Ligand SMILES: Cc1ncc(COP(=O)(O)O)c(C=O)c1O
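Encoded as structure tokens, the following chain is the form predicted alone, with no partner shown.
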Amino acid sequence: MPQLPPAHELGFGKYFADQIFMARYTRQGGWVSEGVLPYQALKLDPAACVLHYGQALFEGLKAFRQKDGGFAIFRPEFNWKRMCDGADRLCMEAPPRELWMTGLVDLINRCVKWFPEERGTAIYIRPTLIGTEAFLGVRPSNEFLFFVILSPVGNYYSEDSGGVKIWVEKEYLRAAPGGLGATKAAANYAGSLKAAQRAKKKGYAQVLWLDHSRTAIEEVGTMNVFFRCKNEVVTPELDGSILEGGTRAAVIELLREAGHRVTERKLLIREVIEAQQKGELLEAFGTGTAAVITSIAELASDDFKIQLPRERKVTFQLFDQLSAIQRGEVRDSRGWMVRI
């Protein structure tokens, strides 16, 4: 029987709870829940649409053990809406809200023994939607499988509080205008692997993606990105090529409430380099479900390398503030946490 490993061994996405939630859709019968089942391999026809035409979409969110001993999910409504938007883009049938919430809550309630207790840990929730109809011919599937798995996790990046080193990618693209950049399609991640692999061989944790012109900043690996200068905090605007993150939205709200001027706009890589050279760049950080809030220590490419200041005051404040909300250590006045 699998058991929860010690917190320091968790890492990210290495261990899985022993239960899974499943539901299936057909055009004739609609959605039918199979409920919570023992964790198991999926049975797919070799001609299943997902294997040939890539109809695959997933989400990522977390549930946290609360200070009072209960459990709560961080912003599940946001992730359901984002899956619905992605499903529409990929011509898939999104699970209804009630099915989504029932699946998450029932699964978590059956898997409470998998919740780590230490600060900085959580249960990572991976809802996934795939096309399962068996056919060869380019069209949308008429059958879908929705399933949810859980993974007890620790820190996404193993680096210490000194921050992560990021490689600025100038050859490969994560997304193009009119493409799938704003969705959490599996294809986006397959296309990112080559650049990430090369960056890690150079000693960098992830890549910073640029737009199709190779001039404007989009995302950092699996994170949205923020740069704090003297007078404002800047993050790239959501232009259809960038995935909107729930943590990104929460951080923008927290920053504005704290009195920071937050600007969402097109941000050129040369602006960041010039700001650092002038001493105006104070800190940079990435935000995401997996990594939460991660300080960036260095940006580099073939033609430049810049070290970011080590102050990171706002980065750490945001991390502590958001972590306290997620773990129920302070009052959730914004309704972000859904108790289960």
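From 1 onward, residues are counted along the sequence shown. Predicted, not measured: the structure shown is a model, and the values here were computed from it.
What comes next is about the form predicted in complex with this ligand, which is not displayed.
Engineer: So which of 91 to 99, 256 to 264, 240 to 248, 193 to 201 is the stretch with heavy atoms within 4.5 Å of this ligand in the model of the complex?
Structural biologist: Residues of 240 to 248 come within 4.5 Å of the partner.
Engineer: Flag residue 174 as yes or no: does it have a non-hydrogen atom within 4.5 angstroms of any non-hydrogen atom of this ligand in the model of the complex?
Structural biologist: Because a heavy atom of residue 174 falls inside 4.5 Å of this ligand in the model of the complex, the answer is yes.
Engineer: Do residue 127 and this ligand come within 4.5 Å of each other in the model of the complex, heavy atoms counted?
Structural biologist: Flag for residue 127 set to no.
Engineer: Can you check whether residue 165 is within 4.5 Å of this ligand in the model of the complex, heavy atom basis?
Structural biologist: Looking in the model of the complex, residue contacts with this ligand do not include residue 165, since no heavy atom lies within 4.5 Å.
Engineer: Report yes if any heavy atom of residue 169 sits within 4.5 Å of a heavy atom of this ligand in the model of the complex; otherwise report no.
Structural biologist: No, residue 169 sits far enough from this ligand in the model of the complex that none of its heavy atoms falls within 4.5 Å.
Engineer: Only one of 155, 141, 235, 222 comes within 4.5 Å of this ligand in the model of the complex by heavy atoms, so just point that one out.
Structural biologist: Here the answer is residue option 222.
Engineer: Within 4.5 Å of this ligand in the model of the complex, which residues of 268 to 294 have a heavy atom? Give them in sequence order, or say none.
Structural biologist: Contacts from 268 to 294: 287, 288, 289.
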